[in-house]
Structure formats: C-alpha cells, structure tokens
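Below sits a lone chain in structure tokens, taken as the form predicted on its own.
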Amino acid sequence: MKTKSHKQEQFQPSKMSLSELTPYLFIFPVLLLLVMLVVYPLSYGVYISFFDTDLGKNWSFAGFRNYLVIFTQDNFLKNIWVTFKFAFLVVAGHFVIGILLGLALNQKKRGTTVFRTILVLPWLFPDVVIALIFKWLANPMYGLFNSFLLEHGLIEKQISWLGSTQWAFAVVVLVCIWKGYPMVLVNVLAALQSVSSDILEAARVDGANAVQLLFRIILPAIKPVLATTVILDVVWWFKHYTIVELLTSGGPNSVTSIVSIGIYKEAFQYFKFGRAAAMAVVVFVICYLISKVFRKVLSDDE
C-alpha cells in the first residue's frame, strides 16, 4: 500500500491565530535588540575590515590587505603576546584566590556573611574608579605605596611603579586580579552549596585528607561551573581595555600594550579604521577559539 507524502506545513503568520502568534511577539523585541546590538555591529566590523577608510568619504577596497599588514607588523604580534600573558596571569590569579576564598567562606560560622559582602566589593566598583584609585596609590611622588615602603625601610628611594618597565606590567596584573577575583569567588561559592555534605563526610570517614577532598571530590563536583567561569573570565580579560588604558596607556615602552589598546590607537589616533577592524576581527576569532578549546578540554565526561 502506497503511503502519501505529507508536505511540511510552512510558517504562515497570516493564517495563525492571535494565541499562536503571541510567543513570537514576545520573542521579537529580544531578537530585534540582538540584531541591532550584536549581529549588525559584528557584521559591519567585518565589512569595514576589507576597506581602507576613515569612515568619512574615503572608502577604498583593500581586500585582505589589512589582515596581511597587521600580521606582518611586529607591534600587533607583540600586543597579542602581551595580551596572552596578561590574560593568563590575571585569570590564574582569579581562580587561585577565588577558589581558596570560596572554600574558606563556605562555612556556617558567625561573620561569614559580612566577609562575603566585603570580599565581593571590588567586583561592584567601576573599572574607572579602580584604575584612578590605584593610579593615585602608585604615584611616585605622593602615592601611599612609596610612603609606606619608605617609612618601613623596605625601599631606599621612590619607585615609579607605573612608569618603570620593571614594575608596570606586574602592577597592572595585580590590580586586575584584585578587581576580578570576586566573579570567580561568587561562582565557586554558589557551586559549593550544591556539593553534598554526606559525600564529604563519607570521604573523611574513609581517610581522605583536605587535599584529596579538594582535588578528587570538590573540584570534580563543581567542574561544570568552573568551565563556564574560566571561559567567561578569559574572554573578558583578553579583550579588556579600561583599567590598563587608565593606568599606563600601554606604556612604558609598550610592556603593557595589550591588543585592545593597539586597536584603539589604530582607530582613533591614526584613523585607520579598516586596519583596526581587521585587528578586532582577529581578536574575535581568537576569543572564539579559546572558548571552543576550553569547552573541549573542560567538558563534563558524563
């Protein structure tokens, strides 16, 4: 007996009732915002990267020339390398501090809530405020860092913390670690709430010590949260701009010149928007690849 093939019904809004259209009406504003704020800017940025333009009357098609130029420039490759070092050190610091503090605060003791509130405060301050405060603290003439160290005899003369090639990168990394660790702390602390105390107690009865509990039970149990957190943290700090720009503007001698500062200078100082767009596209691809690699490596075995 032959079976009749049924054509799949097409989406026809004109033939749908109001109740059937309601879900689409609720989704439409979000889709519109997504297109306006994400899809269009990304698409336009890719489009600009194929032109030599100042976004005015000068539009000259360049093809892939902008991409070839940036990859033959020592500055761009150096900025990428500095950015990788910066992001790695900052994220590593976030996770070391965030996990240790999360474990310490995951206890039902008096005062724990107060400490949780205090330790989350750096995350709530705007980047501009953080940068200006630490720039004042690190000032070589009247900053509190030099005053404290000189008073206790730890240094013999004033140090230009942000103007020295020896110290600038380390100071910028430490400031960004202090600013961003609460994000890891909050996620780790929330994940630890889901770890069953019965499992931990059973492991203790079997003779597991604190290190074994951490690496064999606690961390594997919160692995999905850690995976998501590390992807978000790496991508966020890989493309970070504000704090580094306000502290050092990429100096001295480009030791803190991360790629976002290079993109800004290419666009708004040299007015080479096509080349800046090409650099931004490369950074987008790198961030995408980083997220894919972390998702593959940190994926849940189950």
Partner chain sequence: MKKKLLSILLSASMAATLLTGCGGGQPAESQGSDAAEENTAEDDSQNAGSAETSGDTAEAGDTASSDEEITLRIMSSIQTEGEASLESAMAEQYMADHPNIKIEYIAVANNDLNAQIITLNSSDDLPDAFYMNTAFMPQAKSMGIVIDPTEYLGDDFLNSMDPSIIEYASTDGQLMVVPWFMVPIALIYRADWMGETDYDTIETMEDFRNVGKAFTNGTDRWGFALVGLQNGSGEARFSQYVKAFGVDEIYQDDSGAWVSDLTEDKYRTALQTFVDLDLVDGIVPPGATETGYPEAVTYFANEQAGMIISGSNALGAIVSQNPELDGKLASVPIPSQDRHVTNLQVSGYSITTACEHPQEMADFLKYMADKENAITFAAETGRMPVASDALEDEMFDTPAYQGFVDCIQYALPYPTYSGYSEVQDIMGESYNSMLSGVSIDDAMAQVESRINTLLAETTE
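Residue numbers count along the first chain shown, from 1. Computed from a prediction, not measured in an experiment: that's the story for all the values here. Each form is matched to the other, and the largest set of C-alpha atoms that superpose within 1.5 Å is called the rigid core.
There is another form of this protein, the form predicted together with the partner chain, and it is not shown here; the text below is about that form.
Contact check for Tyr264: a non-hydrogen atom falls within 4.5 Å of the partner chain in the predicted bound form. Although the partner is absent here, Val172 is not a contact residue: none of its heavy atoms lies within 4.5 angstroms of the partner chain in the predicted bound form. Residue contact with the partner chain in the predicted bound form: Phe61 places no heavy atom within 4.5 Å of it. In the predicted bound form, the partner chain lies within 4.5 Å of some heavy atom of Trp161.
Along 34-51, residues Val35, Met36, Val39, Tyr40, Ser43, Tyr44 each place a heavy atom within 4.5 Å of the partner chain in the predicted bound form. With a cut-off of 2 Å and the rigid core superposed, Leu31 has a Cα displacement that reaches or exceeds the cut-off between this form and the one not shown. In the predicted bound form, the CA atoms of Ile231 and Leu31 come closer by at least 3 angstroms compared with the shown structure.
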